[in-house]
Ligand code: NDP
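A single chain comes next, written as structure tokens; it is the form predicted on its own.
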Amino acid sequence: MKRNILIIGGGGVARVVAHKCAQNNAVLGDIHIASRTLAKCQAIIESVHEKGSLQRAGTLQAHALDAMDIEATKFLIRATRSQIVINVGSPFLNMSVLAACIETGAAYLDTAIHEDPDKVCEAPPWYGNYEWKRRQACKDARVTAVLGVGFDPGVVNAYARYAMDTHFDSVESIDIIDINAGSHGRYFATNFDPEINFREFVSTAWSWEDNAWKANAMFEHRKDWDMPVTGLSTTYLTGHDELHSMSKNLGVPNIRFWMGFSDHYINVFTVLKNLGLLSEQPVRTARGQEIVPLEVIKAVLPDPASLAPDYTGKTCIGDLIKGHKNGQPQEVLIYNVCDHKTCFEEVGSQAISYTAGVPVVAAAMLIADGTWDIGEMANVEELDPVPFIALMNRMGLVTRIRDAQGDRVVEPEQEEVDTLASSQLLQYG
């Protein structure tokens, strides 16, 4: 059993994580929130109290921390007696926070892959460039590190694993589809950190095709999908974190990621890119100041957390999986629909933050009770998806499946019982 949580980060996802940890503090214990900006952490704590999210009375405390400082992070982990660290700060922090966890013995969780501030869209596999290099160190220290356990990456990895285990004998393709059909009412904004958002799209879009990496230009490949609730939506083939582990761990020859973009987003993005304003490399102004254009754009765009009060509409994110079962073609869509307004009413955040924050808390709870406390590093598809999906169903992210039998809620624990019973009938007649 592990207890006491240190949340690193002070943005919209951290807010969701804090609320969900508070709602489950009987299991998780003390909750500490740390960020470079103490006021952000204090505002999250005020929100938790305002919403009455604490399951029971307990510690909920804010701390100022530069998480790039490994020694300072180690000190805070020990001082708070935190046995689980949830890193929902900038992806630039991952390797520093992971190092602190390995050295203190705390379990580590994050929701996105590590990034080097001076590089964009590196050669795949991205995990191989950073996190996986610490795999042996985690194993030697018996430290559980679950990588990329937001929604995408994270839940979509578990969806693929679950569907492959229960609905297929073989799989030829997995298309991960991310649709945000919501509206925030601003002229232009990104749903999460603008710097991280733009870095995903300014260079090569990698896909996994015929068991090999394929380089594509951003917005080169377009496809329309008719998704539940959100309807017909236009998407573009995009590189994304989960492809880099799923391609290694699942043995599927084709894995692609499709994200929905409006024409307006593409037009603004294209202008900014063509003007050089999305560059991560510094430039010198006429006054002799050195600035990074991408950081300027981040500074002038709305804070994604500020979008939540006016956000309406829904998201739909899922995996469309094609393969064979009992020699017959099989197609399954396993997905979640989330409502922006409902998320704001519950935790004060929009659905993009909610879908990233709930899964990492579910994972923390599975580590706390020992289910996922494996004492080594893993990506989500390497872990049992059944308790994860079942727990998220109870925490606000309900999983549904659409196949030849219809559209229904996934109840994995019951399906596992039914499958076992069927196999016993076949075995014993």
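In this text, residue numbers run from 1 along the sequence as written. Worth saying up front: this structure is predicted, and the values here are computed from it rather than measured.
If you look for the form predicted together with this ligand, you will not find it shown, but the lines that follow are about it.
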Can you tell me whether the pocket in this form is open or blocked when this ligand is overlaid from where it sits in the predicted bound form, based on ligand atoms within 2.4 Å of backbone or C-beta (3 or more = blocked)? open
The one option of 358, 145, 84, 88 with any heavy atom within 4.5 Å of this ligand in the predicted bound form is 88
4.5 Å heavy atom contact with this ligand in the predicted bound form for all of 159, 256 and 410: no
If we take heavy atoms and a 4.5 Å cut-off, which stretch out of 285-293, 321-329, 243-251, 91-99 is in contact with this ligand in the predicted bound form? 91-99
Mark residue 175 yes when one of its heavy atoms lies within 4.5 Å of a heavy atom of this ligand in the predicted bound form, and no otherwise. no
Check residue 18 for me: does it contact this ligand in the predicted bound form (non-hydrogen atoms, 4.5 angstroms)? no
Residue-level contact is defined here as any heavy atom of the residue lying within 4.5 Å of this ligand in the predicted bound form; does residue 54 satisfy this criterion? no
Quick one: is residue 208 in contact with this ligand in the predicted bound form, heavy atoms, 4.5 Å cut-off? no
From first to last in sequence, which residues of 55-76 have any non-hydrogen atom within 4.5 angstroms of this ligand in the predicted bound form? 65, 66, 67, 68
